[in-house]
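Below you will find one chain, with nothing else, as structure tokens; this is the form predicted on its own, and questions on how it binds or moves follow later.
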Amino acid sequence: MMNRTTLLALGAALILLSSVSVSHAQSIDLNGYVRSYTGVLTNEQNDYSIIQNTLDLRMSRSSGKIALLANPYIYQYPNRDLDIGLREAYMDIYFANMDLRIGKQQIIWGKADGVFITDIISPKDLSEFLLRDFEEIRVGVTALKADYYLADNTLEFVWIPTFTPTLMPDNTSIWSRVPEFSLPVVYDYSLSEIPGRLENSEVFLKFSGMSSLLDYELMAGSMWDDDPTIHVDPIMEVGNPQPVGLTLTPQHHRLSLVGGSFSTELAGAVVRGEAAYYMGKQFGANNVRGLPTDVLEKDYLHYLVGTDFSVGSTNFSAQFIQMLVLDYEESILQDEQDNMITFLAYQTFLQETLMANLFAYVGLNNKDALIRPTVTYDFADGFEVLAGANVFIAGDDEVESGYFGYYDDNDMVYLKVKYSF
């Protein structure tokens, strides 16, 4: 069912912009796209992985020192209620040396491609794992964002009054990931909500600098962990010394972090780096009996180094990413070091109307991967056809392991037909 609050907000935005368009039609900008998206699993039954029709609208108006934007969307699936929402709805206010943005917005930080290190202000929509376009993966948050300009430098402040968690797939989705336990489990969601109070706000600060040699960002934040820690408690019965089940309680915890990113050009290639130091992360761990009922608080470092370069008319990008848990203990369920690389190659043909693209995630710990080849053809002005595949590779042919290998049965081919206006 569609969310009542979202529907009312969407209706209000449409009425506002429609009324403005009546009196100021010449200054209203309306654009967006219509898309048909069909995916088929490459299993024996060739089940559909997705059938989706999308209408995405961007309505904006600027007048002097004020600008407005609303980005409503509709996802339509067969035999389901319409999924209607607002990706963004905000106003910009411009001053001599400062800009304010107030409302629901996507906030993008950092220089990484396809991974989230300092780009953590907008939570993620993982209802289709990492397969959506990134503008659809990022969830808009209601926030106040202030940018203060100092010559070629920018000081940015973000205040988020209420917490928005990662959106996970429902239990019936092929992208649902169910923890594996040797005992029956019961879920308790009583602690999964963060009350809307001033003390539960999230705040972030970033300083950006730019010169002819180096672009860089320095950031810090106090936030809630978008991904909940699963607290596990044994279910006991009178007279039985062994647990008969487990209670799983998802709970979000407070995090602090500092980090930064940079990019520079070296010998004709772009060299990029990004890192964040997280303080207060809660990690699940095994107790002395081998049950995953402990939670240990540790700091961790998440960083990448990458490069972008060209060989002839083909463009390449490569990144090495590592997550390192500090003061590690062997009982922690997460690996002490989690290593991954990404690779991107793309080239255009036929006067840039045809583009071939290959993007891949490769998990080095479990030797699993997600490989995403696509071919896009601009059939006419604003009209494009994209054909692609998502190939998941497990680290072990007999065991679905790793972040990507878990979905080894979800290999798929898909077609997107899109008209932008």
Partner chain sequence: MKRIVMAVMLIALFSGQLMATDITGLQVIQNVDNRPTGDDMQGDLKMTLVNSRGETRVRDIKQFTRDFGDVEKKIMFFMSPADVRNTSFMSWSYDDESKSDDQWIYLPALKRVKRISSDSNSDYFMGSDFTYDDLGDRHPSEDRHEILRTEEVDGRTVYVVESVPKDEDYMYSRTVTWVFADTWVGYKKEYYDEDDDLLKILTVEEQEDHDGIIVLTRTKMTHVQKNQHTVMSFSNVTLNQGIDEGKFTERIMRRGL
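Predicted model only: the values in this text are computed from it and were never measured. Residue numbers count along the first chain shown, from 1.
Form predicted together with its partner chain: not shown, discussed below.
Proximity of D113 to its partner chain in the model of the complex falls within the 4.5 Å heavy atom cutoff.
Though the partner is left out of this view, Y48 does not reach within 4.5 Å of its partner chain in the model of the complex, counting heavy atoms only.
In the model of the complex, its partner chain sits beyond 4.5 Å of every heavy atom of E329. Residue contact with its partner chain in the model of the complex: T264 places a heavy atom within 4.5 Å of it. Residue heavy atoms within 4.5 Å of its partner chain in the model of the complex occur in exactly one stretch of 238-246, 266-274, 285-293, 161-169, and that stretch is 266-274. Contact with its partner chain in the model of the complex, defined as a heavy atom within 4.5 Å, holds for exactly one of D227, D152, E193, D125, namely D152. For the options D299, D99, E202, D338, the one in contact with its partner chain in the model of the complex, meaning a heavy atom within 4.5 Å, is D99. Contacts of stretch 311-350 with its partner chain in the model of the complex, defined by any heavy atom lying within 4.5 Å, are made by N315 alone.
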